[in-house]
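One chain comes next, on its own, written as structure tokens: the form predicted on its own.
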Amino acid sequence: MHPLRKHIEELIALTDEEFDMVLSYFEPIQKRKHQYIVQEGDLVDKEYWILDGCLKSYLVDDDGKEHILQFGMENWWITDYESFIKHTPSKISIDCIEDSELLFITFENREKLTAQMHKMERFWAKKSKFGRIALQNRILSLLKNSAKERYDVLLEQYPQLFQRVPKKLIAAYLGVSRETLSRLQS
């Protein structure tokens, strides 16, 4: 079974014909480690699904400090959603931590697909709800949890990140210094 079909069918069932139509709206793309898929200021018209690899979405503040909003691994969706939906310049950048294989769908094709197949509209509505829940939990964790608690939660939820992502990026995601991360790990 195609990995995208398996992913979609976690939420909605598709016939072979329906999946063939869904897949026809996507295009594959391969990116090397450190290549961008979105740069701050871009107009983003693609949403990416990760077949293989690891990416990060982030912003760099006026002092040059990197703040990681999200990591993306296999079976995750990633883009600058504000730019994608509102057609405004991107406020973030997204690049590859590892060589990555992605599928993308353009905004126009996503609109066409959801108009033709309401099952996919429901799929993206459900994914959006789960994304809002994850974002809310991340914000709450940043507001109320100690650095050690945030570290422990990340380690419990995504232990594979610690083998795939450099420590300085884990520290940037947790909002701590590299030195603090070293202390949290001991």
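Each residue number is its position in the shown sequence, starting from 1. These figures come from a predicted structure and were not determined experimentally.
If you look for the form predicted in complex with another copy of the chain, you will not find it shown, but the lines that follow are about it.
Contact with another copy of the chain, judged by heavy atoms within 4.5 Å in the model of the complex, is confined among 114 to 122, 34 to 42, 145 to 153, 130 to 138 to 34 to 42. Shown alone here, Asp52 lies farther than 4.5 Å from another copy of the chain in the model of the complex, counting heavy atoms only. Contact check for Glu66: a heavy atom falls within 4.5 Å of another copy of the chain in the model of the complex.
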